[in-house]
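Shown below, as structure tokens, is a lone chain in the form predicted on its own; questions about how it binds or moves come after it.
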Amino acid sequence: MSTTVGNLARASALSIGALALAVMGGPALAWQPTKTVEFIVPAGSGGGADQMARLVDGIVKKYKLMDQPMVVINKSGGAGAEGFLYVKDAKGDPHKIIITLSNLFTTPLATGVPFNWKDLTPVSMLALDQFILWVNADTPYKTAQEYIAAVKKAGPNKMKMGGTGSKQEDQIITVALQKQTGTKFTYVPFKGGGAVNTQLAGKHIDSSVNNPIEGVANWRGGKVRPLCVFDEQRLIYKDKITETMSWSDIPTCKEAGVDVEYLMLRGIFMPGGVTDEQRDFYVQLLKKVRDTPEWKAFMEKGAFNQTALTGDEYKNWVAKAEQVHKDLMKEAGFLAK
């Protein structure tokens, strides 16, 4: 089975003082925050969404891109439902924003919680995040085919695949992997990608499908090993992470005989009922963030697909991605009854 989320992505050093002047330049905006902005993360600490939110917050503070303070708040309960319902209930409040991952779609589809992305206001797609099949570096597996063969030899449910949450991206990919390869893992859910990578480095699970940013430190430290990336093409980043490998050296899973693709949204939304002027403030704010060297370094460190969308392009992408996730989850048997 070949999934198609990846295809959606195809549709589309200054000094601190000098950079701050550049990004703050231009005409005054019609609206600006008048109190603290709450930046909600519908996931646990240490994962990809949390890291990205805290980077955005740090850049905003460093370059003084906003007069009011910003505070990052994790609301991970119910596979992110806590965070989504919190922002949904804040209709009309322009002082709350939320960073989304694919649980924007998977959580309501899997749980029936009364939330849909249309309850929110799309602001900006910041990037698309990759998924990589990781194993512990002390294992003998050098390729995805070698690992899949070992899983088959071990027998059903003998090997543990760790992931973030249940019936979310990581488990969807795991189910697709099983159907494509004829394997059967015991899926072990954790609260966030940081915990997943820690468990893999500690040999408490056999593999994971974590994002690059969640695995890079332990990869550089020689504790985990990437086997393949779930995209139709290799990553573009060529700087060495270890002595012998860069991101671009990791084969695609399809190259490795595993025909599964998946890309995840990293995007920003506001509550419903806000004005165009309020939304546009954050569109411009995030554009300034993406222009900084810190953001560009983060994109390379985490091997992100740097697709960025706003307006109708972003809204249309989200609508298509929702349908793709609905199809994937139906096939996996994950839809709420």
Partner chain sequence: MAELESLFQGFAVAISPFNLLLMFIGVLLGVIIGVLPGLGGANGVAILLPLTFTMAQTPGGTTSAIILLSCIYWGALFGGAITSILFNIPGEPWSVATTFDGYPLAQKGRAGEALTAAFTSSFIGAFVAVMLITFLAPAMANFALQFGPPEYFSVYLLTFCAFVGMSKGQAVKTIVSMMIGFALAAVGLDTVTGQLRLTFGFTDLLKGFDFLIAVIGLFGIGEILLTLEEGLHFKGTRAKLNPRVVLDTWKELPRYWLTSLRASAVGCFMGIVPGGATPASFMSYGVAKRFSKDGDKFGTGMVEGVVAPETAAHAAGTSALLPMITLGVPGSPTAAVLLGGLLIWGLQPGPLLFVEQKDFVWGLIASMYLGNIAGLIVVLTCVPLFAAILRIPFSIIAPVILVICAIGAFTVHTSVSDVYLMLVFGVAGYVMRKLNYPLAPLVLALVLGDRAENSFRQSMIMSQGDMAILFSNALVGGLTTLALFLLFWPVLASLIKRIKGG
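Definition used throughout: the rigid core is the maximal C-alpha set that superposes within 1.5 Å between two forms. If you're wondering where the values come from, they're calculated on a predicted model, not measured in any experiment. Numbering follows the first chain given and starts at 1.
Although it is not shown, the form predicted in complex with its partner chain is what the next lines describe.
- Within 4.5 Å of its partner chain in the predicted bound form, a heavy atom is found for not a single one of 278, 281 and 293.
- The stretch in contact with its partner chain in the predicted bound form, judged by heavy atoms within 4.5 Å, is 81-89, chosen from 254-262, 140-148, 81-89, 127-135.
- Residue contact check for residue 108: none of its heavy atoms lie within 4.5 Å of its partner chain in the predicted bound form.
- For the chain shown alone, residue 154 is not a contact residue for its partner chain in the predicted bound form, no non-hydrogen atom being within 4.5 angstroms.
- Within this chain, residue 273 is remote from the site of its partner chain in the predicted bound form, having no heavy atom within 4.5 Å.
- Within 4.5 Å of any heavy atom of its partner chain in the predicted bound form lies no heavy atom of residue 248.
- None of 179, 204, 238, 118 but one reaches within 4.5 angstroms of its partner chain in the predicted bound form through a heavy atom, and that residue is 204.
- Heavy atoms closer than or equal to 4.5 Å to its partner chain in the predicted bound form belong, across 181-203, to the residues 186, 187, 188, 189, 190, 191, 194, 198, 199, 201, 202, ordered by sequence position.
- Once the cores line up, the CA of residue 192 ends up 2 angstroms or more apart between this form and the one not shown.
- Relative to the superposed core, residue 159 undergoes a Cα shift of 2 Å or more between this form and the one not shown.
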